[in-house]
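A single chain, nothing else alongside it, follows as structure tokens in the form predicted on its own.
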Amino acid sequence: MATQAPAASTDSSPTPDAIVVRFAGDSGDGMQLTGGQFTLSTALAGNDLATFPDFPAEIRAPQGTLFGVSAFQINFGSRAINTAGDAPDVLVAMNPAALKVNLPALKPGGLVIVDTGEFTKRNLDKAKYDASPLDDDTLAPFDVLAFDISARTLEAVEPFGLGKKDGLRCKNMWTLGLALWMFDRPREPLHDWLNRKFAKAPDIAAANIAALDAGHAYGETAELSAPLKQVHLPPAPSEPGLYRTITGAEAVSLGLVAGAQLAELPMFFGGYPITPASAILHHLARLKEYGVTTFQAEDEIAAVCAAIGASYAGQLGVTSSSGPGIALKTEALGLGIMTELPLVVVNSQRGGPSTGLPTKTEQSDLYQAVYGRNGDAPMPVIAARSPGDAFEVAIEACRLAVKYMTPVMLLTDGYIANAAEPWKVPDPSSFEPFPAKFLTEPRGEVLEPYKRNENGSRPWIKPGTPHMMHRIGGIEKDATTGNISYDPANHQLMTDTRRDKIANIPVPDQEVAFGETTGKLAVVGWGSTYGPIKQAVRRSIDKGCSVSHIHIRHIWPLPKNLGELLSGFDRVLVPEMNTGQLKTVLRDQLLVDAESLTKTSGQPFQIAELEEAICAYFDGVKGNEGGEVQANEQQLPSPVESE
């Protein structure tokens, strides 16, 4: 996050090495589009970045209401960026509701840009303002740039004959043009993008380009007076290579395709729309030329069963959902475990239970992933730590599924799925292939479909292979012949065999992500807590604290050396966006006296929250360690109930 002066200021502070900007407006104002295109321009400028889209669960909330506010936050700079930032330096508020919801997050002295054209009596009433905040001291702690963006947009697009309603739809482009000027970004890539997007409606493209250019021109003029100043951030140091911005959903999709290619298998994806997992289906549907078949099923159960059927037929079956959908798939996951077929299951976690918080992030499905099936039904569970990391984790999920003939759960969350970051496109030759092997003839005189190899895996036999007919299904099978068996000793053997196959999977030894291998405190995380934990630990080390960061990718089975590694620390703190699920797993499996730091507000951890929790272990006050982080109104504020 940015730790120095705001981006736009009247003083002579040095140029910061990172800036946090939040675009906020009505859910129909195009804030996600604006943020996405600003992200693209930032990546082209060579800055490191991290983003966090925040939008309402309603498809179209009532216009101008607090519940309808949509926001997009980006943290970018000339140094390494790990999080979307704790608090913005610049807030662009397109209406009163956006200002009210997001103003508590702005840093003191930060810059507020508001569209005065939207501050009508009606909109102020919808936002629960008794008086206009532009006329009282509400904005006194901040630099303010208030002008009629709506009117200036209509003026810019007037030559193109657009009506007022259609003209105002270009308002986000006017705002984007101003932001491009503020941070010294070129407009040409946006011109090209608009021409491509509206190729069949050139007048619309021209109007949006005119609005973009008008916003940029206003910045050049407004620079003559405070508080608007142009800031240029040089590129961040980076390794040579080909880079692109990527979201977690895109990275998972590309990783799944790469994994199928490395396994030399066609891929079948069975899915059902659910937030925030739907984007994976959308991305994969555009990759058919790589042997990908996508199927939008009538429900979650049909989606996973179709994927299992594809694996039975010799393809790599994949399915995806979020917590509620994974719950519906659970019986079929047990079928995948019983039949011992490769299956990749992607869980993009969100706030729960039930429908919960569809567009907010959480890590509360770890128990579901590790334990949440009837019977003893183990499966490998791995977790991505960032959007870019999701690519490699998806490949690893495919490898485990194919090599060990098992379903695998890949955990991401709403933050990872929607957030974007620069990603160095890897060299394909750096990944070792793991071609699938099918049994085409009996190994002896009689086919033994459950005779296992050195990995504990049974053979994969395509249906229709001559002389290879065998039984498969959810009823317990004989350990060798595959015939239906109700024998108690056989069931005990098969239960132990399935357990041991997963438990004995060799996963890489756990390494320390940041810090020393021994010390007073280990902060253990998983998933999307990686960025804020790393930065909090770094700051704490700079203060002289003996603390290290350990981040776990392989949740089940755990790395064999993890217990020994944690024993080198006096205390263990586990920050999670749940009520302490990984902490319980660590205590269960390793007998580690881990302590929880939990947060279940639908908000990611802030660096400052974690830094404060770490400092509690070094302040000499007993009993104040760990605990629960409350909802932070300065991070992703909760809208006041509207009429």
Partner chain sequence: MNAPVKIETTLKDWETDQEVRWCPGCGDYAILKAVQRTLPQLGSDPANTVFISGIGCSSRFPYYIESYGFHTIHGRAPAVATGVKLANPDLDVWLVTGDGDGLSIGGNHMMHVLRRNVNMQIMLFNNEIYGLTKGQYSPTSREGTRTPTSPIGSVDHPANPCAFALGSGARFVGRGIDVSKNLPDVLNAAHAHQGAAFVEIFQNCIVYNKDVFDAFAAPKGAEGQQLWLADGEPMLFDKGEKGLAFDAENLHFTVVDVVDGDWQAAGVRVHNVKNRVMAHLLAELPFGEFPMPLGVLYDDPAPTYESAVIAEREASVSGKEANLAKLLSGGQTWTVDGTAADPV
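Please read all numbers here as calculations on a predicted model, not as lab measurements. Residue numbers count along the first chain shown, from 1.
Quick note: we don't show the form predicted in complex with the partner chain, though the next part is all about it.
Engineer: Looking at H282, H470, K520, R452, which is the one with a non-hydrogen atom within 4.5 Å of the partner chain in the predicted bound form?
Structural biologist: Selected residue: H470.
Engineer: Within 4.5 Å of the partner chain in the predicted bound form, heavy atoms considered, which of Q261, T247, T406, N82?
Structural biologist: Contact with the partner chain in the predicted bound form is made by Q261 alone.
Engineer: Thinking of the partner chain in the predicted bound form, which stretch from 101 to 109, 543 to 551, 484 to 492, 564 to 572 has heavy atoms inside 4.5 Å of it?
Structural biologist: Among the listed stretches, the partner-contacting one is 484 to 492.
Engineer: Determine whether any heavy atom of P380 comes within 4.5 Å of a heavy atom of the partner chain in the predicted bound form, and answer yes or no.
Structural biologist: Close contact is absent here: in the predicted bound form, P380 is far from the partner chain, nothing within 4.5 Å, heavy atoms only.
Engineer: In the predicted bound form, is there a heavy atom of the partner chain that lies within 4.5 Å of any heavy atom of E445, even though the partner is absent here?
Structural biologist: Flag for E445 set to no.
Engineer: So, S364 and the partner chain: in the predicted bound form, are they within 4.5 Å at any heavy atom pair?
Structural biologist: So S364 does not count as contacting the partner chain.
Engineer: How about L44 - does it come within 4.5 Å of the partner chain in the predicted bound form, if we only consider non-hydrogen atoms?
Structural biologist: Output for L44 is yes: heavy atoms within 4.5 Å of the partner chain.
Engineer: Check, residue by residue, if A394, W556 and L590 all come within 4.5 Å of the partner chain in the predicted bound form, counting heavy atoms only.
Structural biologist: No: none of A394, W556 and L590 comes within 4.5 Å of the partner chain in the predicted bound form.
Engineer: Out of 336 to 372, which residues reach within 4.5 Å of the partner chain in the predicted bound form, heavy atoms considered?
Structural biologist: The stretch touches the partner through T339, L341.
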